[in-house]
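Encoded as structure tokens, the following chain is the form predicted on its own, with no partner shown.
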């Protein structure tokens, strides 16, 4: 099995710590290693670095390569521009040698947290066996441990033979309202959509040709004329692999992941998994916290002091300070958008 790590991204959700040239997956948000490094390291020994491929952008290529010195240089695959995950995955598969495309490939985001790597590898290995034996496309769905209206879900269909826990995916569902999420979680009828897929590369490309023909034709044209990459790639439909391919597959299957997964999608999500004291405060860097509860305080440089507050995110970097309620952590993009409109490129 090979792994394709998706390591693009713009770095808005963890502003001001993450920036356009230092997005979330390059940051050590969960320990001493970056999320990207942890993604590759947790694959061993199932998938060693010599079988890891990394899809990234020209702007991020240098820091991504610096963080993964054991991955062969030829296995960093660079998109000319971001066009969402369907073109990115299809282009990466076309860049791989034909012998690799015929083998099993696991597509994994570079910026997730997994608390139990051994359990993750067991499920990933089982998915690879199913994909190789049955030539089936699988998605790994996360077993919910709470109602979560912020995630897309996979509705489970009938059990499938020859692998414990293997189920057909009846449909992809959008982010539900809180009441629906609670009902699904109680009933055990849905998994969280974590954006992880396992398939033979040739099988995925065939599915792309059936369900996203504009992208498939464009990738074939690029394969025939690599010198036209900069011209042709920006013309590809900017479509996610979920919407472009996976939602249309009748035979899509899933295996449940129960491995302490988090997408670390916001400062609040980080606060939920960060080590906190008895007062509920999670502190990173040099900080003083007095008479305060349930805060996330992060100081990349200098010192941060908080007094008499609760439920806040307070982040200091060399050139910016963020203060907001944790419950509004999903709105950081508003700050980034405002800075962009005002031409404050040095802060992006």
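Residue numbers count along the first chain shown, from 1. Quick caveat: nothing in here was measured; it's all calculated off a predicted structure.
Keep in mind the form predicted together with a further copy of the same chain is missing from the figure; the text below concerns it.
* For residue 31, is any heavy atom within 4.5 Å of a further copy of the same chain in the predicted complex, or not? -> Heavy-atom contact with a further copy of the same chain at 4.5 Å: absent for residue 31.
* Distance check, residue 54 to a further copy of the same chain in the predicted complex, heavy atom within 4.5 Å -> Residue-level check for residue 54: no, no contact with a further copy of the same chain.
* Asked: Heavy atoms within 4.5 Å of a further copy of the same chain in the predicted complex: does residue 58 have any?
  -> So residue 58 does not count as contacting a further copy of the same chain.
* Heavy atom of residue 67 within 4.5 Å of a further copy of the same chain in the predicted complex -> The answer is no: residue 67 has no heavy atom within 4.5 Å of a further copy of the same chain.
* **All of 156, 159 and 187 with a heavy atom within 4.5 Å of a further copy of the same chain in the predicted complex** => The answer is no; none of 156, 159 and 187 reaches a further copy of the same chain.
* To do: Could you tell me which stretch in 313-321, 43-51, 275-283, 59-67 has residues with non-hydrogen atoms within 4.5 Å of a further copy of the same chain in the predicted complex?
  => Result for this chain: 313-321.
* Stretch 286-313: residues contacting a further copy of the same chain in the predicted complex, 4.5 Å heavy atom cut-off -> Result: 286, 287, 288, 290, 291, 301, 302, 303, 304, 305, 306, 307, 308, 309, 312.
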